[in-house]
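Only one chain comes next, encoded as structure tokens, the form predicted alone.
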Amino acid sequence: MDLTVAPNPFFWNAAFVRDFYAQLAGAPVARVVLGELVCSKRLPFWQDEIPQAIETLQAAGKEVAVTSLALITLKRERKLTADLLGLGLPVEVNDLSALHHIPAGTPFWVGPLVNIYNDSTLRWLVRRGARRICLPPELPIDSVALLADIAQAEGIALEVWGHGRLPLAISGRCYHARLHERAKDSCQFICDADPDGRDVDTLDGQRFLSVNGVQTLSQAYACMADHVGRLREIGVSALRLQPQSVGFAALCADYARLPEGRMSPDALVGNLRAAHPDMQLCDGYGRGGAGASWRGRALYR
């Protein structure tokens, strides 16, 4: 089992993106997915960093893929999607409409925003050309095990969401703009003020969700440290880690030690607590319970 770095869903400036992927080149990860996942309006601010990031990561021995948008709605977004194949890298599909631009039989990857809950869907995607699939994070491990058996029989790689805020929904409406009383078309890119998403509280002040432009995320960070042994046993080939603005290289190093037995789940969680004292953790979906629960205990009371 190795590590895949998910596409960064947040809005970071070009200099930060450049430094992030330069540092990631030295991290113990096998592959990295690049590109804009959430909002095409952000892309012009940092897209010139993508070629250098690809070159740097490949020179460090990483496999690199590019992501489609999670929601393709505009003509220019369709063109952006059609142009992805021209980069000569695997395309990761996070909106099934992207398949319109990928010829049948051309290998591609599938991201966790595509709903794959049963064997028929998985087999259809494999027949269409899928060679690597990251399952949606809400699947319990018992269901992952059934799909992992099929993936092994089909000869494809299967990934599970290992760490990061859970991607819950994509909307046509921009929550960040609305919070600041701005229209979506004149948002002034206010989402850059929250490099890891903006927490949303309930009316009684309880932390609940996080918003990232048009995306809704969990407030808690999924952490599958307790489940790595089982996931490896059933044939999951990689854990997927979501980028975060602080301490990501150290986080990757800790997760890389788990499958090798060089770090215990408790030690990894202890490091997370020490480095990020405000970070709430969850693993409820993997246990077949409420997604926001942690180690079988309710996170919110």
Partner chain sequence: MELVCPAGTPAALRAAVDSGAHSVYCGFADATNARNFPGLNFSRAELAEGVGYAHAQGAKVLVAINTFPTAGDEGLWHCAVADAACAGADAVILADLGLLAHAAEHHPDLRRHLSVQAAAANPDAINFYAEAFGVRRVVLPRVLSVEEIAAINREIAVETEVFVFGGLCVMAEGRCSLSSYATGRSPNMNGVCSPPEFVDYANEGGQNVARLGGFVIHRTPNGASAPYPTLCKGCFTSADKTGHVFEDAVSLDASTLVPRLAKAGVTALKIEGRQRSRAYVGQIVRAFRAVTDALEAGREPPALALARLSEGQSATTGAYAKTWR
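Quick caveat, the model's predicted, so the values are computed rather than measured. Residue numbers count along the first chain shown, from 1.
Below: the form predicted together with the partner chain, not depicted.
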item: Arg173 within 4.5 Å of the partner chain in the model of the complex, heavy atoms; value: yes
item: Residue contact check: Ala225 to the partner chain in the model of the complex, 4.5 Å heavy atom; value: no
item: Arg132: touches the partner chain in the model of the complex, heavy atom cutoff 4.5 angstroms; value: no
item: Proximity of Ala22 to the partner chain in the model of the complex, heavy atoms at 4.5 Å; value: no
item: Segment that reaches the partner chain in the model of the complex - one of 84-92, 152-160, 227-235, 165-173, heavy atoms within 4.5 Å; value: 165-173
item: Full three-residue contact with the partner chain in the model of the complex, heavy atom 4.5 Å, for Leu74, Lys184 and Asp204; value: yes
item: Partner contacts for 189-218, taking the partner chain in the model of the complex and a 4.5 Å heavy atom cut-off; value: Arg198, Asp199, Val200, Asp201, Thr202, Leu203, Asp204, Gln206, Arg207, Phe208, Leu209, Val211, Thr216, Ser218
